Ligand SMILES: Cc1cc2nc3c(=O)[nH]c(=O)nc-3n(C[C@H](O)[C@H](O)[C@H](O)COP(=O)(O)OP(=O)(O)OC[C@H]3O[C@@H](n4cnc5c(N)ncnc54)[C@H](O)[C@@H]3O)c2cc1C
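One chain is shown next in structure tokens, namely the form predicted alone.
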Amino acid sequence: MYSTVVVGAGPAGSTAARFLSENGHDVILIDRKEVVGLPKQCAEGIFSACFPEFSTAIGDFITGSARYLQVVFPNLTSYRVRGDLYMLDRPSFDQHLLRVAERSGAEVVLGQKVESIDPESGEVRLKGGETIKAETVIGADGPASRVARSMGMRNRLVPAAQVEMTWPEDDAIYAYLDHDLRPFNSYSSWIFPKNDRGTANVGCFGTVPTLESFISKYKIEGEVLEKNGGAIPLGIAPRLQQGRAVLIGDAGGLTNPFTGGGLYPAARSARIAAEAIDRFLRGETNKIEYESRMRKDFVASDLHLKARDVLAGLSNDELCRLGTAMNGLIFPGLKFTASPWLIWRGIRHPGIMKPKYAPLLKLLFRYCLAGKVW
């Protein structure tokens, strides 16, 4: 019997398997893919402040960096938020994390599909009828998680479409707010430059026609080198734990509900799950103390959900007026030390303080106090 079966060898699963293996536990890591990380389903950006959660050194999977997040409104007004970001080669990054997990002692099985799990007994059933028994199970098998379904959970999923195209060197990543191009989320489209490659990931929430409309409307030019897409979970699962099984990363709906970003939540949830399971396996607790800590740690998620809902209620005319009021502003980062700057900028630009925008500003202020960058 294994100590832990980890289902899914993406960033969340490989990281959890690595941490548990380093603590001396007998871990098996299973993924249905023969090669992890392919096809690419990610905008590939991560704040540098979030990267240490993976506890790995910078490698050749870094394809560029940026100094700002620039939020663009329909009338092309914009503001910037300082925050150093890394751009990744996601397939290389995923494969690096898998190698680290394997070197740490985890047994890796690729090309094997998990059909279901029994969260009470820890039994994992594979396609073909084989079963694996373990003391604990970690579901890290993505948005349409089989582990989550075995626990009675189904994530709310939204589609995303993306192309990688040629792009000049840039110091920012871009998030576009446009009601006409926002069928599912609060910021509709993005451009993430990868300076070391001379390309950018250009994508949107929605399907290919929505992406084509975004590219056409904003006159985005470049040679398309690759097309990709996928599904993004929107909102944390109602339950992250049942019996001996826990959900981490996309499997638990642990993405930023404002941006759809999932790399930091993947690493953070993997770390918390590994710590909780380690204590359980050592007999320090009589149950896995994971879910309560996760919900406390991810308090900023509620702020993101509320911000998304506020922005979803603004028409393009209102977004343009908000953009005009905020045009040219540069915030020094979404953290506590940014709060005085936010207040000062609001006083200097009274157009931002209109009652219509007050809920959004209140959320931004609370977000700064929360000190969460994801």
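So that there is no doubt, residue numbering starts at 1 and follows the sequence shown. Because the structure is predicted, anything quoted here is derived from the model rather than measured.
Same protein, other form: the form predicted together with this ligand, not shown, and the subject of what follows.
Contact with this ligand in the predicted complex, judged by any heavy atom within 4.5 Å, is made by just one of A160, L281, M153, A175: A160. Of the candidates A148, A266, A106, L98, A266 is the one whose heavy atoms come within 4.5 Å of this ligand in the predicted complex; the others do not. The closest heavy atom approach of V137 to this ligand in the predicted complex falls outside 4.5 Å. A residue is said to contact a partner when one of its heavy atoms sits within 4.5 Å of a partner heavy atom; R90 meets this definition for this ligand in the predicted complex. Mapping the unseen interface onto this chain, A9 counts among the residues with a heavy atom inside 4.5 Å of this ligand in the predicted complex. Although the partner is absent here, V114 lies within 4.5 Å of this ligand in the predicted complex, judged by heavy atoms.
Contact annotation: this ligand lies within 4.5 Å of heavy atoms from the stretch 228-236 in the predicted complex, the single such stretch among 228-236, 285-293, 129-137, 75-83.
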